[in-house]
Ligand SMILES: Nc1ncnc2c1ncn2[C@@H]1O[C@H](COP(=O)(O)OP(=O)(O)OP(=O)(O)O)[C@@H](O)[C@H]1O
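Take a look at this single chain, the form predicted on its own, given in structure tokens.
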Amino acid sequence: MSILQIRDLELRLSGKPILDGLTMDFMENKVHAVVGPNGAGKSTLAQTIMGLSGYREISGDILFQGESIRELEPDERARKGITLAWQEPARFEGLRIRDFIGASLRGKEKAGDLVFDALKKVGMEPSIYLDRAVDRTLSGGERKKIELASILAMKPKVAILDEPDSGIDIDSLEHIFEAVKLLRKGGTTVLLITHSMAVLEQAEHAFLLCCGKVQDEGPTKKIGDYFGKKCVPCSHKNLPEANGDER
């Protein structure tokens, strides 16, 4: 059963189609990958699903559990159970890690234990990190693991992880992969946005995206074989001229 459906989705920026007629089905309680070269439209898709500012003027539709969410604000989508882990996690000067992770657990019994357990699951010693601030004293990899710990604690219905290996060392990457397995085991549908073969291999099903279009989909091995051997880096021909960054 599909928990998230993309139907004829188009997003134009600077008059150019960055997402170009996408139709995709993400099956419930599976780990999916959206893979493709830089500029393929992967991160744009993630931000469009969340309804972030600048990514809302779409045609087509986005369905969550059979209902359209295209008119909903990001916080409304989050309350329905969709969350996004950023490629570059935010900093929050003065906010303690225990409070950052616990923000989504207000009113839950034993919230402190859930925060403690989530940190352990991503390989971070709670006694060292609980009272540290989510600020510039943390490395990008530490912030990424803290963000993932918050997702483990909140147990969303759909978790979109944008380039989860970005800024992560090899040892930490194993904790990230273990967290993906724990999310799935807990009933979360996971979308991995990536151009990494190592991350792609964590998925059960994959979409190959290029120039804002789905070029193929299927079992991870099938898509991985093509992406790893035949797909080459390319520039998205439809990137807005004023903004050539990764979309």
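Residue positions are given as counts along the sequence shown, with the first one as 1. Predicted, not measured: the structure shown is a model, and the values here were computed from it.
This next part talks about the form predicted in complex with the named molecule, which is not shown.
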Open item on the list: Take the pose in the predicted bound form, superimpose it on this chain at the site, and classify the pocket for the named molecule as open or blocked using 3 ligand atoms within 2.4 Å of backbone or C-beta as the minimum for blocked.
Closed with: blocked
Open item on the list: I'd like to know whether Thr189 contacts the named molecule in the predicted bound form, with contact meaning heavy atoms within 4.5 angstroms.
Closed with: no
Task: 4.5 angstroms heavy atom contact with the named molecule in the predicted bound form for Gln87 - done: yes
Open item on the list: I'd like to know whether Leu9 contacts the named molecule in the predicted bound form, with contact meaning heavy atoms within 4.5 angstroms.
Closed with: no
Open item on the list: I'd like to check something about His195: if you look in the predicted bound form, is any of its heavy atoms closer than or equal to 4.5 Å to a heavy atom of the named molecule?
Closed with: yes
TODO: Spell it out for me: taking the named molecule in the predicted bound form, does every residue among Lys120, Ile151 and Met154 have a heavy atom no farther than 4.5 Å from it?
DONE: no
Open item on the list: Based on heavy atom distances of 4.5 Å or less, which listed stretch (58-66, 181-189, 37-45, 215-223) is in contact with the named molecule in the predicted bound form?
Closed with: 37-45
- [ ] Determine the residues of 133-162 with a heavy atom within 4.5 Å of the named molecule in the predicted bound form and present them in sequence order; the list may be empty.
- [x] none
